[in-house]
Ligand SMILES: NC(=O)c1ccc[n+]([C@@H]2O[C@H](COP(=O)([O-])OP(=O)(O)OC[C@H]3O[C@@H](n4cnc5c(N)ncnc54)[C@H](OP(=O)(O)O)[C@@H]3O)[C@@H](O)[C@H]2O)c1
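In structure tokens, the next block holds one chain alone, the form predicted on its own.
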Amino acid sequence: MDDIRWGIVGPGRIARGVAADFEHVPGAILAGVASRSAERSAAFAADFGVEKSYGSYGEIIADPDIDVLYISTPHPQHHAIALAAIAAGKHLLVEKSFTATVAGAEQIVAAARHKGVFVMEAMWTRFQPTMVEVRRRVEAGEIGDVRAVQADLGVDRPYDPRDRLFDPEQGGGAMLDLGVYVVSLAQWFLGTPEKTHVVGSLAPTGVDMEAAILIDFGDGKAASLVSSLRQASPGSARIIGTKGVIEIPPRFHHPASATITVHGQEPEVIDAPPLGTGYSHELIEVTERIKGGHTESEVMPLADTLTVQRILNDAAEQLGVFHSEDDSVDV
């Protein structure tokens, strides 16, 4: 099969890291970038040697030479862009959080399955070489039955109502930006929850500043998770089993190593740094799955995305934060 031709929708900070990692992705070409500002997309294209730039999202969606789009706009815009792209037959890698609402996520998944295109949430953590090895060790039973997951991810972000992170119209708050990492980690190792409990605080704009989440996975299995825009935290994680524990050092969502300690044995360090910045691994996953004719990733399946989205929105709504999709975006 010919090389897979990628396009980026939303040339922001994370998109720059993603673009730089394409050099580590065999069989993939970054062929286009789109912004609502023609000048911004042209500047991004020049920085990364991208062949085409577009001054609207609709233009890149309509281009038959682009096979797959990486959507990295603010969360509430994912819904409209993804649905338009799926209707045009495009495959998608959608930045986390996948959408702003559960209903929005369900609509995208239904549309993708109906159209038969590949869609995946860009949870790069699951594809980091260290985390691939951690998952293998857990599935091999080395730490026994996983009973608990603990994780934190916090930053000290000075309050600014003009900042996207504090703007409810742009899906601001700790939950969708940082909580998605800790929740996805817990869901990956513990499955589908039975109940979620949360405490936290809100910014003056009404978005969540911080949240401590306790998730009940049944039979005493639980996740204790923290996300915050108010105070920095180490960003570490633990996976605790009946036979041992795996500790993932800061920042756990893109680690270069982890330590596994089986009861009665000396700790063992898993040392597996990523290629490039680490975005390369999710790009490789999408490229290979599309070439193989698949419509989902086994590592980051759409069912997991929906479960995580439900937890995030449930927790946010317990704090009084109700997100909505922005379907006014021009596609």
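What you are looking at is a predicted structure, and each value in this text was computed from that prediction instead of being measured. Sequential numbering from 1, following the sequence displayed.
The same protein has a further form, the form predicted in complex with the named molecule, not shown here; the description that follows concerns it.
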Verify the contact flag for His294: yes if a non-hydrogen atom of it lies within 4.5 Å of a non-hydrogen atom of the named molecule in the model of the complex, no if not. no
Heavy atoms within 4.5 Å of the named molecule in the model of the complex: does His78 have any? yes
In the model of the complex, is there a heavy atom of the named molecule that lies within 4.5 Å of any heavy atom of Gln170, even though the partner is absent here? yes
Does the named molecule come within 4.5 Å of any heavy atom of Ser35 in the model of the complex? yes
Find the only residue in Gly244, Pro74, Gly235, Pro255 having a heavy atom within 4.5 Å of the named molecule in the model of the complex. Pro74
Which one, Ser227, Ser184, Gln128, Ser97, lies within 4.5 Å of the named molecule in the model of the complex by heavy atoms? Ser97
Check Arg137, Trp188 and Gly278: does every one of them have a heavy atom within 4.5 Å of the named molecule in the model of the complex? no
Based on heavy atom distances of at most 4.5 Å to the named molecule in the model of the complex, which listed stretch, 198-206, 144-152, 102-110, 174-182, is the contact stretch? 174-182
